[in-house]
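One chain follows as structure tokens, the form predicted on its own.
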């Protein structure tokens, strides 16, 4: 893990993995101070970070099916929007989201998640 200070007054970005470490339309989990965070990679190589917990019954979203910009929870098929963390209607609830960047094939998160 390389420390990569990039800018901003409040965020320090650190490399957590390479893009290819996350399978297309798949996920990887990291342990953070706030709990487990799932890093999702879409078919178009967008990466999103959400708490690894469905707002319905706490199912592991990282084991769900990634499609377009959503993930379907493996327990009860709730669909969670990867950009907002909001469950798609008619379901209600929200998974927490976290800032993530991809630069030069590296996936970066805010260091505060790991402090």
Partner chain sequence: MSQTTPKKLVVIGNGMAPGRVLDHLFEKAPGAYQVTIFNAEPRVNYDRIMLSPVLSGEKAYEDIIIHDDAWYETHGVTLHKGKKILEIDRADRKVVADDGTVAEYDKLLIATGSSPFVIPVPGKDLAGVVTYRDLDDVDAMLAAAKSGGHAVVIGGGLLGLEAAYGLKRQGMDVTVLHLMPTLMERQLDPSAGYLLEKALADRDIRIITRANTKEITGRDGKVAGVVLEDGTKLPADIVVMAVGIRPSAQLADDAGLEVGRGILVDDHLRTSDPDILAVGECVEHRGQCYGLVAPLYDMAKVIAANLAGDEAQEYTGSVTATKLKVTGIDLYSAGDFAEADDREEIVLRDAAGGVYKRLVLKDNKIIGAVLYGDTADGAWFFDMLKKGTDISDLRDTLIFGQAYAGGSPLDPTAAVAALPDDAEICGCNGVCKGTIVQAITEKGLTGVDGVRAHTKASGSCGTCTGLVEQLLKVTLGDAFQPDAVQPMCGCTDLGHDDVRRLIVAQELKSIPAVVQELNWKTSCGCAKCRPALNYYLLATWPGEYVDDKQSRFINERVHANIQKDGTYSVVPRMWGGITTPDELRAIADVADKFKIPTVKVTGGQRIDLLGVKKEDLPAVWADLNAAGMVSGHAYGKSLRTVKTCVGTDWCRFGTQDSTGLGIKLERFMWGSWTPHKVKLGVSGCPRNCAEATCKDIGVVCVDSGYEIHFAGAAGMHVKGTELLCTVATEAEVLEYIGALTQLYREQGRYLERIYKWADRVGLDVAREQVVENADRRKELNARFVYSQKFMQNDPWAERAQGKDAEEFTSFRLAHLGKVA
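Positions refer to the first chain, counted from 1. What you see is a predicted model, and the numbers here were worked out from it, not measured in a lab.
This protein has a second form, the form predicted together with the partner chain, left out of what is shown; the following refers to that one.
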Triplet 24, 32 and 67 all within 4.5 Å of the partner chain in the model of the complex via a heavy atom: yes
Exercise: residue 56 in contact with the partner chain in the model of the complex, heavy atom 4.5 Å: no
Partner contact for residue 60 in the model of the complex: the partner chain, 4.5 angstroms, heavy atom: yes
Contact label in the model of the complex: residue 91 to the partner chain, heavy atom within 4.5 Å: no
The partner chain contact at residue 98 in the model of the complex, heavy atom, 4.5 Å: no
